[in-house]
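One chain follows as structure tokens, the form predicted on its own.
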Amino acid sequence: MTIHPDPSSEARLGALDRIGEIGYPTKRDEAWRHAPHRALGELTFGPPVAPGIGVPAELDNQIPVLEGPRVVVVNGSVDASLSNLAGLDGLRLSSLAEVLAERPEQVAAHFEQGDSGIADVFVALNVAYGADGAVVQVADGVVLDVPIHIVDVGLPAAAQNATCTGVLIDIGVGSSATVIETRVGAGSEFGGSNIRTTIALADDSTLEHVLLQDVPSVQVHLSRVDVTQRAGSVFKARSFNLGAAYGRIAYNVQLAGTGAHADLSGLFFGFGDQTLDQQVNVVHAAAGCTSRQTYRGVLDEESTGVFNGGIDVRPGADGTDAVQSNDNLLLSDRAAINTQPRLEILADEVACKHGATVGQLDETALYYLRSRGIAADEARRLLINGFADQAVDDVGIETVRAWIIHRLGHDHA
């Protein structure tokens, strides 16, 4: 085996040094205002533990069954016995640890954030400790019809209750692929997972990226997705923020090439005292780009939803067309939604708009269904399903749609 110099090692050590300098976020940080700061401070991080822990049997029903390439990460380390790394034509699927050992220059950009790129302490922790995970590399001119599945399993331990995982996705010129990321966990112990995905889309490439977050309700889940798009590329993001005491999914999308298009949609469905946090920032840095943000929240009992969505149009990004919407359904007078759409426009001839709605179940629609002989609980369920399914229907893979519908408890069968 040839060992190459590791250009990321210095960056990882630097990130470790910067953790103390950056400090943990507080309620004064707008993007973290609604986070459980005490719980975040109780997370303990470290290097990935050795694989071999295994996945508890009770998680079988929490993981969509998909045929094809698969990477399973358990507590920050790839479990080769549960994974299927056999590549398709034009696909190279590897563990991050393997790439760091054999060809680290290919993943250097994932770690070399620079001072301005380390957005917060949790990015720094991931750079420092996220030394294993999945690397997806699709060659130029390849169309993959089979989805790639990345499963991350968190099993908190007494010595280290939180894990870091890195995911890198690189789609070549004119290529297209679908990647599903499923995040789950087990146990009743407090802990957390910190997963950072970096995506690079070359000219005229297409990626459908589906993120399923369903970790236990006593845990914390932190997810960050950084995307760079070149000319003519298309990024379709579909996120489902369902589990965790605090579930955070943050997107930072850079439209860096002319004519790039980003389409992000998501559903967050909260119960109990969950806080489900969506942080979305789309930067239009090139001319003629388009973006769409469409998020729906359903909040019941004492749950809280957060949508902090931004559209940033840089100088020179003329011809930008950007739309953002956040619609929310409150099922309890104790539930809450904090929605904050943001626009910053520094270019000419742009079309940007945003909107947010907050409402309850339509009493007229409930009365209509009741008048047709439908029981009150069933009528309520049908209206909730109709609201949520507008996000579910955007997913292009039937197996994943069925899993989401089952998870939400409204199977159509």
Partner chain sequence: MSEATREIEELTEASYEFGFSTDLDTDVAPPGLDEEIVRLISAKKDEPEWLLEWRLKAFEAWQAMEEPDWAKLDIMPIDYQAISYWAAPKQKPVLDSMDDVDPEIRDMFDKLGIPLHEQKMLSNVAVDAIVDSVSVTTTFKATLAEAGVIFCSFSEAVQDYPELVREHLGSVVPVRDNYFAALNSAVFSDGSFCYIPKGVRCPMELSTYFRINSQNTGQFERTLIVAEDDSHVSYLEGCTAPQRDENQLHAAVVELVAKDRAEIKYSTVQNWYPGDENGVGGIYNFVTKRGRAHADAKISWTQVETGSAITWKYPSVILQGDRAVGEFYSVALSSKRQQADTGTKMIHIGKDTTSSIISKGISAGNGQNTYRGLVKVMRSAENARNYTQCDSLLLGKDCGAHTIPYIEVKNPGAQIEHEASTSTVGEDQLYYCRQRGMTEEDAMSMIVNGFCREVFNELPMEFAVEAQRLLSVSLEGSVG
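Numbering follows the first chain given and starts at 1. Owing to the predicted nature of the structure, the values given are computational and were not obtained by experimental measurement.
Below, we turn to the form predicted together with the partner chain, even though it does not appear here.
Participant: Kindly indicate whether 18, 37 and 160 are, all three, within 4.5 angstroms of the partner chain in the predicted complex, using heavy atoms.
Facilitator: Not a single listed residue reaches the partner chain in the predicted complex, so no.
Participant: Exactly one stretch in 186-194, 255-263, 84-92, 335-343 has heavy atoms within 4.5 Å of the partner chain in the predicted complex; which is it?
Facilitator: That would be 335-343.
Participant: Report the residue, out of 386, 355, 47, 56, that has at least one non-hydrogen atom within 4.5 angstroms of the partner chain in the predicted complex.
Facilitator: By the 4.5 Å criterion, the partner-contacting residue is 355.
Participant: Contact between residue 351 and the partner chain in the predicted complex at 4.5 Å, heavy atoms?
Facilitator: Result yes; residue 351 sits at the interface with the partner chain in the predicted complex.
Participant: Residue-level question: is residue 330 within 4.5 Å of the partner chain in the predicted complex, judged on heavy atoms?
Facilitator: Flag for residue 330 set to yes.
Participant: Would residue 33 count as a contact of the partner chain in the predicted complex, using a 4.5 angstroms cut-off between non-hydrogen atoms?
Facilitator: Yes, residue 33 lies within 4.5 Å of the partner chain in the predicted complex.
Participant: Does residue 61 make contact with the partner chain in the predicted complex, using a 4.5 Å heavy atom cut-off?
Facilitator: Heavy-atom contact with the partner chain at 4.5 Å: absent for residue 61.
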